[in-house]
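Have a look below at one chain only, the form predicted alone, in structure tokens format.
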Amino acid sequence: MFLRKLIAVGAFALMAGVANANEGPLVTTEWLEENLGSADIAVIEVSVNPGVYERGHIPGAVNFAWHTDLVDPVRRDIATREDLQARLQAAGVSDDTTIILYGDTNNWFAAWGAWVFDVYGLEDVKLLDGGRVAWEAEGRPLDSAVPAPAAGTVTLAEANNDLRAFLPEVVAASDSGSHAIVDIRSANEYSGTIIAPEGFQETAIRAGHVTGAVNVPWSSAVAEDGRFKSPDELRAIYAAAGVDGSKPVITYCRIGERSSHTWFALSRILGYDVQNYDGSWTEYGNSVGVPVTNPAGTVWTGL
């Protein structure tokens, strides 16, 4: 009787864990390790630093390169429906697969992946809370073997561009105040003290921020261990900046990946109506005639 009860409790706990994972936008490291190898999930790493995946990844994880698998390599745009669908099928993804994304740099590019997948109608997509940092910090298993999953059958929807903000929409929102615009870059980028962090090649010829935007750096959303803060904490952080979900939100950064992280926090965790402006400052700060606020007065000199 005791053994049966113990088994029942264990089974209930496992079922509860799966249920919890299926109900929310995040999965824990514990849940993922317990469910590795499940035919119902596909684990995809999206890291930006070269060689990270090759040195060791979560067992069974497929590698997606952000520069080629999630964006169009020719036009400045997200990956085409056809290319992304083929890449996902090769990764073993079918329509009933739960996709778990994770990556380095606090899941910046994994969050970009979640946003792109959302644009193409994939609903069952989750982030590993804490990403690689949390997984490695807890000493969980890594593998260097590249998996070869059986081809999946996923079919993507046409792109839902309502999840994207394009330059004319951002300019209109700046002029009208119709949206809460959240600049998630550093305070120095927002103020115009610097145009871009040192060492980054993508930059703009104007400093500052979109007029009317508030500054809530992406890092405000994460705890010291890289995991997202609680929904209550997130709600309070953004509300303090005037972002409370009462009107639609536009997020932006420099190239659109860190703003995907904030898009995830605001839309997937808090349930707000959010568009990611993937053109971000590298488009906005180079565009002619758009409203810019530049408190620091920094002038681009070409150096």
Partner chain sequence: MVTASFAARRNLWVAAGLALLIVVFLVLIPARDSLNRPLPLSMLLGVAFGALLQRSRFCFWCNYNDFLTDRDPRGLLSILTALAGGTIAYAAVLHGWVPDPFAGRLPPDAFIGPIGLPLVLGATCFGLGMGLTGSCISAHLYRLGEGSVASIPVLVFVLVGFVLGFLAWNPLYLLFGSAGPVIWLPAIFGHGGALALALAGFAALAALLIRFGRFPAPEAPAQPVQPVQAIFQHRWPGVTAGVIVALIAIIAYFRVAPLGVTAEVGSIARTYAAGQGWLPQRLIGLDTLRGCIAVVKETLASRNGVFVLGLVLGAAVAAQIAGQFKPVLPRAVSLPRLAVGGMLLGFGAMIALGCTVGVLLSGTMSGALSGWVFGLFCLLGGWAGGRLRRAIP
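Keep in mind it's a predicted model, so treat the numbers as computed, not measured. Numbering follows the first chain given and starts at 1.
From this point on, the text means the form predicted together with the partner chain, which you will not see here.
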> At 4.5 angstroms, heavy atoms only, are Gly51, Arg55 and Asp69 all close to the partner chain in the predicted bound form?
Replying inline: yes
> Out of 160-168, 144-152, 121-129, 210-218, where are the residues with a heavy atom within 4.5 Å of the partner chain in the predicted bound form?
Replying inline: 144-152
> Is there a heavy atom of Ala65 lying 4.5 Å or less from a heavy atom of the partner chain in the predicted bound form?
Replying inline: yes
>> Although the partner isn't part of this model, could you tell me whether Glu136 comes within 4.5 Å of the partner chain in the predicted bound form, counting any heavy atom of the residue?
In response: yes
> Can Arg87 be called a contact residue for the partner chain in the predicted bound form at 4.5 Å between heavy atoms?
Replying inline: yes
